[in-house]
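Just one chain follows, in the form predicted alone, and it is written as structure tokens.
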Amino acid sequence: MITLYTAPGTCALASQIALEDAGAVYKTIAVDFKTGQQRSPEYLKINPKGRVPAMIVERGILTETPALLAYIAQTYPTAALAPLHDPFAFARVQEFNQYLCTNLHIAHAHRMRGHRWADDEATIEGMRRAVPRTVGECWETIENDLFVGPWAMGADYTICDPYLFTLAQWMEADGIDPARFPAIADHRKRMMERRSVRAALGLI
């Protein structure tokens, strides 16, 4: 059985949705960020980075959302969550998810975790104020250049979709009006209609 370490409101949701999509047998363990459990010696043995998600599989522990999503797609090929037999198309899936990870997610993190990059309070506050602009620029790139439609990569639902959906949940808190990005807003609405999403969110 797969064990997925999660925390509410984090990108771990993407991997849980993908596990539901795949029909995987798994369990979740919530990490309490409010009490600092992610920095406890016990959890650091699982993920020395002190973050979620972390996923325990038969061969060991995996971290980082793009890696977890690729693992799920490749481990459950009949779920057809990625174009595994087309190296170029699969690379495009990885490209999309890496952009979410290395650009959008980092820009979002400047709102509440500026201490990762600066010690000066004025600098941290400046980073926080810039979030609506920097995150908005990422969403503009996704809406105009990366998102194909009706799903992230085109006609077929892939592991890009739960990741995109998860990060889109943060738009309002980041000062982003979803109405600016109609394709993403429509995607978010349609994702909420999927059983895998509702199951991962505890709605069924």
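Start at 1 and count along the sequence shown; that's the residue number. What you are looking at is a predicted structure, and each value in this text was computed from that prediction instead of being measured.
As for the form predicted in complex with a further copy of the same chain, it is not shown, yet the points below apply to it.
Heavy atoms of no residue among Gln16, Lys27 and Pro41 are located within 4.5 Å of a further copy of the same chain in the model of the complex. Though the partner is left out of this view, Lys45 does not reach within 4.5 Å of a further copy of the same chain in the model of the complex, counting heavy atoms only. Although the partner is absent from this view, Gln37 stays clear of a further copy of the same chain in the model of the complex, with no non-hydrogen atom inside 4.5 angstroms. Residue contact with a further copy of the same chain in the model of the complex: Ala67 places a heavy atom within 4.5 Å of it. Heavy atoms of Ala91 reach within 4.5 Å of a further copy of the same chain in the model of the complex, making it an interface residue. Looking at 124-162, the residues that come within 4.5 Å of a further copy of the same chain in the model of the complex, counting any heavy atom, are Gly126, Met127, Arg129, Ala130, Arg133, Thr134, Thr141, Asp145.
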